[in-house]
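First comes one chain, alone, set out as structure tokens in the form predicted on its own.
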């Protein structure tokens, strides 16, 4: 039997909401978009179902205001195109072979971004071999729920449009997902689920961590068997990276790692990585400074690769989280991760910077002048410095925060063109003068334009 979830902060399961009240958890924007989508689907004689995580979150009383999963009894790709035209949105991704599409719809409030709808045609599927992509065929909602991984993901509610008003129809829960959700239980639906698709093991890990679910006895045995058989090692690097990215998108990536260690998953995904109390403290500091170090969370469509997710507009905060997770790894272990996974450039660069960031941290102290701090930290990216800030206790972390907030943005009174106008020909001397002028400015020796011109003239004459 697997050990209990050892995450640092216990999450409590919310009471399960009654089906009649299910759609009350939709924000006005989401309710309006789904109402129009349902009406358009009905005109095309297509059944539309809210499914999976969206229903599960509504049942828990959580507000639903971001990515929405919809099952379409019919052609989801064509419906997505029709919805994009009717709702002024855009198709972000489309995969006809799998019958899936992702749609972005503008929200009512200007500047509030897009609402993402993930549409998938209801289907049955077969796996020709372990860890391979499935062979799919269109089917109905019953088969679609039957093919899913965990009982808490196999719940769907029919969406109906009544005179332009969205309402809930039938709630389908053929495998007792609502009862499992209320009991805090993670339960697989099929005995060969992990063999067919090992990503389900990582998905179950995220669910268990986020919702404080415990595997039942049969599921615990299947997890142990899947790890013994090494199914996770059969995944392509792209698919494994995609799941890692989704773990970084969790509210508590460190809690996911703690549970991954307890289950024995970590060595098969990122060898050398392990949860520790120090790592948990780093994430506490990161959350405390989230507004300062923000860049958003990862968003990605189910069919996109891990690299696509990290390269999306919200990769920055996830990259910082990844840096915190990997901060204690040695150079060889970091290189192994970079060789194993197709990392996007910002993430790969951050992994390369971690050893240098640790070395710089040892040299940072309160006696350094601003120009000396600038010389040490300037070669690192902003993400690398933010990781250093959250990872290091004491003066090094504080200096990193001060550097990003005050020192790095500082600009000397003169730029390269100004120096040329003082009679300096283009060439290496310009760069050397700019570096010296910046140091003098940071240390308070030069504060005005006039002082800067005097300083440059003195350098020329010396």
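Whichever C-alpha set is largest while still superposing within 1.5 Å between the two forms counts as the rigid core. Residue numbers count along the first chain shown, from 1. It should be emphasised that the depicted structure is a prediction, and the values quoted were computed from it without experimental measurement.
One more form of this protein should be noted, the form predicted together with a small molecule, which is absent from this view; the next part is about it.
Remark: residue 94 does not count among the residues lining the small molecule in the predicted bound form, judged by a heavy atom distance of 4.5 Å or less. Not displayed here, the small molecule is kept clear of residue 100 by more than 4.5 Å at the level of heavy atoms in the predicted bound form.
Contact check for residue 149: a non-hydrogen atom falls within 4.5 Å of the small molecule in the predicted bound form. Although the partner is absent here, residue 200 is a contact residue: one of its heavy atoms lies within 4.5 angstroms of the small molecule in the predicted bound form.
Picking from 352-360, 140-148, 227-235, 177-185 the stretch near the small molecule in the predicted bound form, with a 4.5 Å limit on heavy atoms, gives 140-148. Using a 4.5 Å heavy atom cutoff, none of 284, 386 and 389 lies near the small molecule in the predicted bound form. In terms of contact with the small molecule in the predicted bound form, the residue from 195, 206, 123, 252 that brings a heavy atom within 4.5 Å is 206. In terms of contact with the small molecule in the predicted bound form, the residue from 116, 222, 266, 153 that brings a heavy atom within 4.5 Å is 153. Once the cores line up, the CA of residue 50 ends up 2 angstroms or more apart between this form and the one not shown. Taking the rigid core as fixed, one finds a CA shift for residue 272 smaller than 2 Å between this form and the one not shown. Relative to the superposed core, residue 143 undergoes a C-alpha shift of no less than 2 Å between this form and the one not shown.
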